[in-house]
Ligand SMILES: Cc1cc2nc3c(=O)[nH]c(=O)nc-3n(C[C@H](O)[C@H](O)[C@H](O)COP(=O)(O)OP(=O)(O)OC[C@H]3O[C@@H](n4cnc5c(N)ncnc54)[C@H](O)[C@@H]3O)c2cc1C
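Just one chain is shown here, as structure tokens, and it is the form predicted alone.
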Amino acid sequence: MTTRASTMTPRYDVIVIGGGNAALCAAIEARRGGRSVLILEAAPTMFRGGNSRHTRNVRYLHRGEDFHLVGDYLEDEFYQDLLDVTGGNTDERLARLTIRASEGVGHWMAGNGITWQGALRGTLQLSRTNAFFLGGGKALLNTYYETARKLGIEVQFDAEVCGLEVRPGDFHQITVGSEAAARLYEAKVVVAASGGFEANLDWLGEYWGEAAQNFLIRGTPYNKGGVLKLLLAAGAKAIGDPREYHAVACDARGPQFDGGIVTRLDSVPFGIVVNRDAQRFSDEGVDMWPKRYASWGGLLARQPGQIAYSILDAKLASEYIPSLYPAIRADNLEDLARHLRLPPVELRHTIEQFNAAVVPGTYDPTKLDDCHTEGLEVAKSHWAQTIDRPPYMAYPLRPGITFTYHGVGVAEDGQVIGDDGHPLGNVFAAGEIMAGNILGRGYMAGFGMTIGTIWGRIAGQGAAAHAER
């Protein structure tokens, strides 16, 4: 089939593929570096911004109070927190580069129009590590797009990239649209900031089988991995386990795509979680929730039917941020089991066994307390409270995927690395498409925005410098 395209191919210094936080940070830095910049965003204007629309905070290194953050959060502690959630599955060189570069990011963001709010308190335990931007991700994106407009950055929406011509070691041309109605663009440098492939259920199914159809995709439905596939086909080095992702426990009653943060469930550490056989399968209180919450997506994905239930009683009802959907309530365990379609005898046995194993202590949801269980095959390490005060409450859980960790390797300047270990010339990457270099598995709150902001800036600065050659 012959591709129809304009006889005049637009040419820019830098083309940024993607329209979220990482892409905008890259575009802003490249433009401030004196380059002409085009952003190609696959989504329509109303849904621009990728997964960044659903964010609300960023984690960064700081010394002393900084934009409502308290105390210090320094490199060694930051890196240890990363090791704790990844189990060491990280590139230390790139991870430490990210952490060090995050110092001052709050001031950079404020300098680009971001307004800060006080951090949430209570069980989230983020007042020392994570700064919250006023209005959440949508407000952040609107601010950055306005900054881009003022800088003279061109943006095209509904601009899905379907072709990427990379001659040996060097990018040449981008195709946008379908073969029947293609638009061609040329640039001296391209920055890939187009996210992972979590919205491509068929691709997820290559690694998860039929289970992938039960996944909820918390973020944008436009992250289908097309640019990632094009880069890998062009010889980019593949990094990250394609089965690994940032995934949390989401309310099973939410939409399959774009549910965002309001469908996330934070009730897990306060009660127990059982699968469809009414059996507990993991320690609900192993660590503080900001470090632990992203492990539950993977745990749920490995349960029968990819479904489980968070169960609590009346005395725990006010301990957590509620879901968008109301709790399922019942005055006795048999009725609760019926509502959840769980085997009632097994559910009662599991709860009675759990209650008998609870060791009383000083309950404190703001720290690792001494309330735990003894004698259970699956222990609960902290915040163990008997479930015995009706009404009983439950939330159905499914794995909610945020972004995938399979991506492309990068150098310290953001250049994409080829299979031979050498940079792919004028191809850079930022954000989720390269996050697997640093996040091999696991997650901690706000770190996706850290990676997007830092590597967006690195890639934008690198692209600007490369375009000058």
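A residue's number is simply how far along the shown sequence it sits, counting from 1. This one's a predicted model, so the numbers in the text were calculated from it and none came from an experiment.
Note that the form predicted together with the ligand isn't included here; everything after this is about it.
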query = Is F447 close to the ligand in the model of the complex, meaning a heavy atom pair under 4.5 Å apart or at it?
reply = yes
task = May I ask you to check whether E41 falls inside a 4.5 Å heavy atom distance of the ligand in the model of the complex?
result = yes
ask   = Taking the shortest heavy atom distance, is V161 within 4.5 Å of the ligand in the model of the complex?
value = yes
message = Since only the chain is shown here, I'm wondering whether A193 would be in contact with the ligand in the model of the complex (any heavy atom pair within 4.5 Å).
response = yes
note = Contact with the ligand in the model of the complex, heavy atom within 4.5 Å, among A384, A247, I311, V227 goes to V227
message = Among the candidate stretches 60-68, 42-50, 26-34, 405-413, which one is within 4.5 Å of the ligand in the model of the complex when only heavy atoms are counted?
response = 42-50
query = Using a 4.5 Å cut-off on heavy atoms, what residues in 9-48 are near the ligand in the model of the complex?
reply = I17, G18, G19, G20, N21, A22, A23, L40, E41, A42, A43
